[in-house]
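The chain below stands alone, shown as structure tokens; this is the form predicted alone.
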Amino acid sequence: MKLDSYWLDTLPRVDGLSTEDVEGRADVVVVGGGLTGLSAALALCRLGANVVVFEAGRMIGEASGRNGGQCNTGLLQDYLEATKQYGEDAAQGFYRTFSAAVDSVERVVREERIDCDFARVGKLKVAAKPEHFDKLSQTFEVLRSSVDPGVKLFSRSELRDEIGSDIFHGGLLQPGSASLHVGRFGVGLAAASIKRGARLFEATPVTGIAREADGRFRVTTHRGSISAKHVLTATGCTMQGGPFGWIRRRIVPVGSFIIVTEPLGKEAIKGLVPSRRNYVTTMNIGNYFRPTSDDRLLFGGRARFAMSSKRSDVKSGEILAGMLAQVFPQLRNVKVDYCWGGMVDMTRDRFPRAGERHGIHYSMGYSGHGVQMAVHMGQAMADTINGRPERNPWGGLPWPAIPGHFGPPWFLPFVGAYYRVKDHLT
């Protein structure tokens, strides 16, 4: 079993990365080489900007290359709860933004001819308890009549044609969702950016950002410094040092863990997930799963409320293997080829945050919907930098600091205990 991301282990190299010293001037410096940063770099280059991207580690090596490869429409939060919290008009706007984000990914794949197995397969949210299906039914009626007429509700008996498991009590299908090989997609974004003139630096953490006398920014790394007219921070839940303390107080890094089975063959996958969709359960500490293009089953979730590390990933993989056997008993003895963890950049209300502070732009906090929203927001922030702030759909949301949170999330075990009790009671 490899303790490595399946996506990162099965992707081509990024050719054309910059190896020279950091110096000179740029129109825009992007801090972070994940999907947000690479999408922004591509969009900015298309607008004619001189762009530099600094990545502390490997391009798409963190959350962007360590997720479940689901590109979903719909809110991570319950739509009815979002309506109560923000009002019907705002909730509909948020929902449409997530749908538009999947369209953004598809458009980039098509325009840049990125080979990443992109497919509109739909997301099926499956009810783990009978009362969960009742809530899905209410959500279905509201979505169908207001913002997503294509949704479909499956009863427990109808669900048998959708999933080879008897433990669920129905499901809600959002057909606009997609799946993709997120590693190959990320490499495609990087290659398209380089082709259009962006300079991409790996293993180059940013150690300082300071205003210069002429109003520009001096961005410093251990390989040198560069002067930029604009800076976009797209770091997610970075645990690196440097000038990101304000962000760290507002983002909670939560571990999400994934296993991938050995190749099962097309017939076995057909028996498990005949429609080859994205699947998500309704539990707070639930699971998500999907087939891969080479007929493995990817199975993930918050097995433990802990940070990702090699030791933590192994423990989480053992828990996920047990969860997999509960959902699909026929896979009880299947071999697991990959096991890894990654950090989800969670905000307090699980909505993204994007805007500008002291002249520095930022976009992050996708809270588990990062594949599509990162790509969409990279484009939106490119437009914002180019003088179109109305393109930022999250610009009006306040972003207060999380009380008592200054860096490593010491409170995660307590959060986990809370959600376990909540799952038991509801």
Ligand SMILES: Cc1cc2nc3c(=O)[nH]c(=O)nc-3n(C[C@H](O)[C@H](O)[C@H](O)COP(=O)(O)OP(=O)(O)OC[C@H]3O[C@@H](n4cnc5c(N)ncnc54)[C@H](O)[C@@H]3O)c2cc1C
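The shown structure was predicted, so the numbers you read here are calculated from the model rather than taken from an experiment. In this text, residue numbers run from 1 along the sequence as written.
One more form of this protein exists, namely the form predicted together with the ligand; it is left out here, but the text below deals with it.
Interface residue among N287, T347, S104, T238, judged by heavy atoms within 4.5 Å of the ligand in the predicted bound form: T238. When the ligand is considered in the predicted bound form, only one residue from P205, P175, G197, G164 comes within 4.5 Å through any heavy atom, namely P205. Of the candidate stretches 322-330, 230-238, 141-149, 116-124, only 230-238 has residues with heavy atoms within 4.5 Å of the ligand in the predicted bound form. A residue is said to contact a partner when one of its heavy atoms sits within 4.5 Å of a partner heavy atom; L44 fails this definition for the ligand in the predicted bound form, lying far away. For the chain shown alone, H376 is not a contact residue for the ligand in the predicted bound form, no non-hydrogen atom being within 4.5 angstroms. Of the heavy atoms in S256, some are within 4.5 Å of the ligand in the predicted bound form. The ligand in the predicted bound form is not approached by V28, whose heavy atoms all lie more than 4.5 angstroms from it.
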